[in-house]
Each structure stands twice: as structure tokens, then as C-alpha cells.
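One chain comes next, on its own, written out as C-alpha cells in the form predicted on its own.
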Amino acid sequence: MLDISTLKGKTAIITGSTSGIGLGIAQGFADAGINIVINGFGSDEQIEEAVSSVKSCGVKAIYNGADMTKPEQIAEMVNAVAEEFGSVDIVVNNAGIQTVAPVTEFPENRWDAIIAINMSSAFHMVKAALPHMHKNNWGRIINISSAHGLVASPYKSAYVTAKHGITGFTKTVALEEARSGVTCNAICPGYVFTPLVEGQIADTAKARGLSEEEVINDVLLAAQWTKKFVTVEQLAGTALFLCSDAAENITGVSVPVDGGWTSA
């Protein structure tokens, strides 16, 4: 059985955690006794609900609305968390957005935004957090990449570029920090079942004249050989393992959680 008892009382900043994958990881971490900093956009009600759900696990939880496109706000968030909690032990770079269009029609402002949020924000977070991790000779950096950090798909040029960049950044940080007590790894999910995806199934079925089962198997999960969605609980479990003492010598890797997608 995986021992995660040493993680109790540590503090994690999880970007893009007001919903979906980020919130699922936040809840999994909170169950393990890790204090949580929620970050991301959403209504006041959505943010309050996210923080409350984490606090219900008996840990400390706060919200910080730092904009992931603004390096100065990222640095301010990290320093504020270190002051309030006494340390920054774990960073999960999860914030991300998406636009689908061919290169010839891809909006330039969306390219810039995707690169800034999906890739550059991870650099700014890690740069700000590492000095705090060095104080304790311990830290865990987990970058939420994607199957698209390992393989490409058409019409997702900015997203694929950003996620491939995250893969390279993960390796570089891992090598630089190899003797510091800090590890850096990436998780590469396939399609994850979230409320957003659940809504897309019905919309896609209506638009294409397909059954919801056909949309799931023949559209969304076409590349996932298991024909099963990844769950946020599975991603939280993977992240917890990478934070555990058992993963002390695992660094610089990109872990596919994709139902066999990138094995083909």
C-alpha cells in the first residue's frame, strides 16, 4: 500500500483548480492531508464551493485569483502562500485553455493566450516556487500535460505546441534540480471525464446526428484503446504517487494516463 503519510501538512498550489482536473487533484490531495491553494477563474459561487469542498477534508484551503498570463501576479501568489502557510511544497501546473482551428485560420490572440497559460505560466510558477522548496530541501513539481504533449492532432497547433513545450521543460527542471530534493514530472492524460466533457457529448451527438454512445466511442475515445475515460480520481492518485517517497527517484518523466492512446 502506498504510504503518503509524509505528505500530511504540506502545502500545494494547484492552478486551474476551480473545476475539472485541477479540482479533482485538489480534493485528492486534501484527502491526504495536504493544505490547498485553489486558483482559477469562476463565479464567486463556484470558487466558494471549490474551497469549501476541500476544507471539508479537514485541511486549510484558500483561494488566490492570480492571472496565469501575468508573471508578476504568479510571483505574488507564491510569495503570499509561503508567508501564510510557511512553505510552498508542491506545485501542480494545471491551468489551460483550448482553441481548435487550422493553422491558416488560427486566431493569433488565441495562440498567444494558449502559449501563455498552458506553457509559460508553468515556467513562472516554477521559477517563483523553487527558492521556497530549496529552503526545505524538498519539493514536488507536477505539470499536467496531455497525450498531446507526446503526439499531435490536427487543428490544435497552439495546444500541441504548448504541451510539447511542457514535456521539455519538465525534463530540464528535473535535471537542474536532481540533487536538490525537488522532483519535476508531467502527467499526460487522454480524454478525462469532467462536467465540461459530459456537456460536449450531448452537444456533439445533436450536431452530428449520432447517439451519445457513438460520440463517446467513435469521436472522443477513438484513440483511447480502453474505450474508457480517464477520471479525475485516477489523475489525483497518479499525482499523489509522484509526490510520495516511493517516487523520490522518479523525475523528468511524462506519465501517460491515456487508455493506451500514445502506445499505438
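These numbers come from a predicted model, not from an experiment. Note that residue numbering begins at 1 and tracks the sequence as displayed.
The same protein also exists as the form predicted together with nicotinamide-adenine-dinucleotide; that form is not shown, yet it is the one meant from here on.
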>> Although the partner isn't part of this model, could you tell me whether Thr69 comes within 4.5 Å of nicotinamide-adenine-dinucleotide in the predicted bound form, counting any heavy atom of the residue?
In response: yes
> With the cut-off set at 4.5 Å between non-hydrogen atoms, does Pro195 touch nicotinamide-adenine-dinucleotide in the predicted bound form?
Replying inline: yes
>> Taking any heavy atom pair closer than or equal to 4.5 Å as contact, tell me whether Ile144 reaches nicotinamide-adenine-dinucleotide in the predicted bound form.
In response: yes
>> When the contact criterion is heavy atoms within 4.5 Å, does Ile97 count as touching nicotinamide-adenine-dinucleotide in the predicted bound form?
In response: yes
>> For the interface check, one of 100 to 108, 80 to 88, 159 to 167, 132 to 140 should have non-hydrogen atoms within 4.5 Å of nicotinamide-adenine-dinucleotide in the predicted bound form; which one?
In response: 159 to 167
> Quick one: which residues from 179 to 193 get a non-hydrogen atom within 4.5 Å of nicotinamide-adenine-dinucleotide in the predicted bound form?
Replying inline: Pro189, Gly190, Tyr191, Val192
